[in-house]
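What follows is one chain in structure tokens, specifically the form predicted alone.
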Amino acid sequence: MAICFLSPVKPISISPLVHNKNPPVFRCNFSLPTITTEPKPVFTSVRSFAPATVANLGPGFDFLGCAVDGLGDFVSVTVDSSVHPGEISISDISGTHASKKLSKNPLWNCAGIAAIATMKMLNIRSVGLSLILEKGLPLGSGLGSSAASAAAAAVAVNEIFGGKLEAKDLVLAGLESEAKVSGYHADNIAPAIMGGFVLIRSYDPLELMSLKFPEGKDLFFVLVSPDFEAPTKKMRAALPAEIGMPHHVWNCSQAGALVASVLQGDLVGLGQALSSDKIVEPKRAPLIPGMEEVKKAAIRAGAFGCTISGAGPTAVAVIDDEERGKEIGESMVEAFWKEGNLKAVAMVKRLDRVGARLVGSVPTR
């Protein structure tokens, strides 16, 4: 397996726990494994968390995404002498009812795939690891469930060996998982690891740009998830093979406006751009019962904008006030029931500015 070594354009260093002031750009060049000398474990066990994500953000299909606070997956990793050196075992999967559908075979589990990729980058050959996955996100919800598991696993493996890899390397490890589960796209895994808003400037070579939303500005996501499954592969199959030049120009302008609005902290502009996709959302919305009316209900209730989160079926609206967000959520839930005959649950969450991180550890003795 080819391993990418990611070198920053500027001489800056970013880890999943440290964020630099200037927005970074990362480029991926095929080279030797990132770590040549195998590191020793500094912890006997660690526990990590990775947040949910909203991908696409309307016109940013496959190249824009952001992290959402208060929702996500946990992964615990332990040095385990019963596991063959250089390998990983998934000992337990718990959490949402969807966790029962997940394989404990690390080669067929998004957390396992990312953990293996991280171990290879670290050149781990002397110890084996066991992994426990705690799912906080349902499958097929449009909230980056697979990416959250992959991000948490990559961070946990990295941290148990002293955090030798940087965030850009962990994104690549997560992409190994995403490529096998839902496709080679980083608009979930990059913000899950890096936090905040992330722009994928290029896939070949991979280039990531962190978009800094101004501190002190309130941004709330109204997330309304209906009782309906929208598999990513099915939703991607609905997309047009070709698009006309007018729609191309329109979506490019809206994506540019969205990025500018994020950097300026302009929530009204962000919401307008979020709602303006003319390529992907028009094909996917009819596949989610009631979605078109849910979007209208959100706007009528005062949301700055509304679109489909990722591949759906979760609808996401943006607002600057938590209480207003709750009212908007109620209107969206009602619309799902009236127009789509679907029960739905609404949540109001802030932007996660940190990304995947360590939440607990036991040091070696």
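For every residue, the number given is its place in the sequence shown, counted from 1. Because the structure is predicted, anything quoted here is derived from the model rather than measured.
Just so you know, the form predicted in complex with another copy of the chain exists too; it's not on screen, but the next bit is about it.
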(request) Only one of G86, G183, P231, G256 comes within 4.5 Å of another copy of the chain in the model of the complex by heavy atoms, so just point that one out. (result) G256
(request) Identify, from the list I200, A285, V127, I93, the residue with a heavy atom within 4.5 Å of another copy of the chain in the model of the complex. (result) I200
(message) Considering non-hydrogen atoms and a 4.5 Å limit, does another copy of the chain approach L139 in the model of the complex?
(response) no
(message) Although the partner isn't part of this model, could you tell me whether S210 comes within 4.5 Å of another copy of the chain in the model of the complex, counting any heavy atom of the residue?
(response) yes
(request) Report yes if any heavy atom of D62 sits within 4.5 Å of a heavy atom of another copy of the chain in the model of the complex; otherwise report no. (result) yes
(request) State yes or no: in the model of the complex, is some non-hydrogen atom of M245 no more than 4.5 angstroms from a non-hydrogen atom of another copy of the chain? (result) yes
(message) Within 4.5 angstroms, counting heavy atoms, which one of the listed stretches 171-179, 258-266, 72-80, 150-158 is next to another copy of the chain in the model of the complex?
(response) 258-266
(message) Is it the case in the model of the complex that C306, T314 and S331 each bring at least one heavy atom within 4.5 Å of another copy of the chain?
(response) no
(request) Could you run down 229-243 and flag each residue that has a heavy atom within 4.5 Å of another copy of the chain in the model of the complex? (result) L239, P240, A241, E242, I243
